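Given as structure tokens, the chain that follows is alone and in the form predicted alone.
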């Protein structure tokens, strides 16, 4: 079954009385090279997370659609757990995935999913064997950032994000934002928040003609690689009186304040939560300009500033 053939995809959809749903952001891949490349990149990253080269690898897929990417992932991974929100696609997926005994289709909204519980239930044995776990998805454009933050924020700052990598295809504009650096025009609150937990790199671009229906925007595949946590970004976090988890939360609050009023300096944008005199003093302690804006602060800068501000209260 060629799940990247437009005629075959339409036949399958017609068979089950379905059509691409705009409400779910459904755009199905019709170039077989694209899901193959996504799966290969995801698996390559997963190998770096294995404690043992012979240990098994698992992957959570979000939004399998008709199963084009799912079938490619099944060729690499020992187990694939695919979360699909659209109940109508479940019988179609059961047909398209019938030749893969390592794929489990779960009718569930990722935004309503208890991620740690899902990992324990579906991949507990893989983790016990020293194996690795990844996430891979062709994400709907309308919910890209919420899904990424859901995956990262399902774990406290005092514990490691248990994914070797999160490989996702998203709108190019959002990809450019996530890989941007502090001081650039694309850098924003989501960029800084993601960097508290992971590094991000762009893998390749995908033009609109690779999808059915054809979207109005281009796409890019990125890899989000969880790092060693906020102590890696800001070594003094280990000695913060706030503790690791509270420091992380305070930093997220500061990031929201800074980008909620992007054109204001950090002194003014954070003034609703901290005395201006304290913000100025903290900036001076860190060797930062008093007129600096949030868009020029890296994730480590935000951590240091949040720590200094809360030590002074």
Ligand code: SAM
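These figures come from a predicted structure and were not determined experimentally. Numbering follows the first chain given and starts at 1.
Below: the form predicted in complex with S-adenosylmethionine (SAM), not depicted.
Scanning 110, 135, 97, 178 against S-adenosylmethionine (SAM) in the predicted bound form with a 4.5 Å heavy atom cut-off leaves one residue, 110.
Screening 200, 115, 206, 83 for any heavy atom within 4.5 Å of S-adenosylmethionine (SAM) in the predicted bound form leaves a single hit, 83. In the predicted bound form, every residue of the candidate spot (26, 61 and 142) has a heavy atom lying within 4.5 Å of S-adenosylmethionine (SAM). Here the chain stands alone, but in the predicted bound form its contact with S-adenosylmethionine (SAM), taken as any heavy atom within 4.5 Å, falls in 86 to 94 among 151 to 159, 182 to 190, 86 to 94, 229 to 237.
In the predicted bound form, S-adenosylmethionine (SAM) sits beyond 4.5 Å of every heavy atom of residue 279. When S-adenosylmethionine (SAM) is considered in the predicted bound form, residue 68 lines it closely, a heavy atom lying within 4.5 Å. Contacts between 230 to 268 and S-adenosylmethionine (SAM), taken as any heavy atom within 4.5 Å in the predicted bound form, involve no residue at all.
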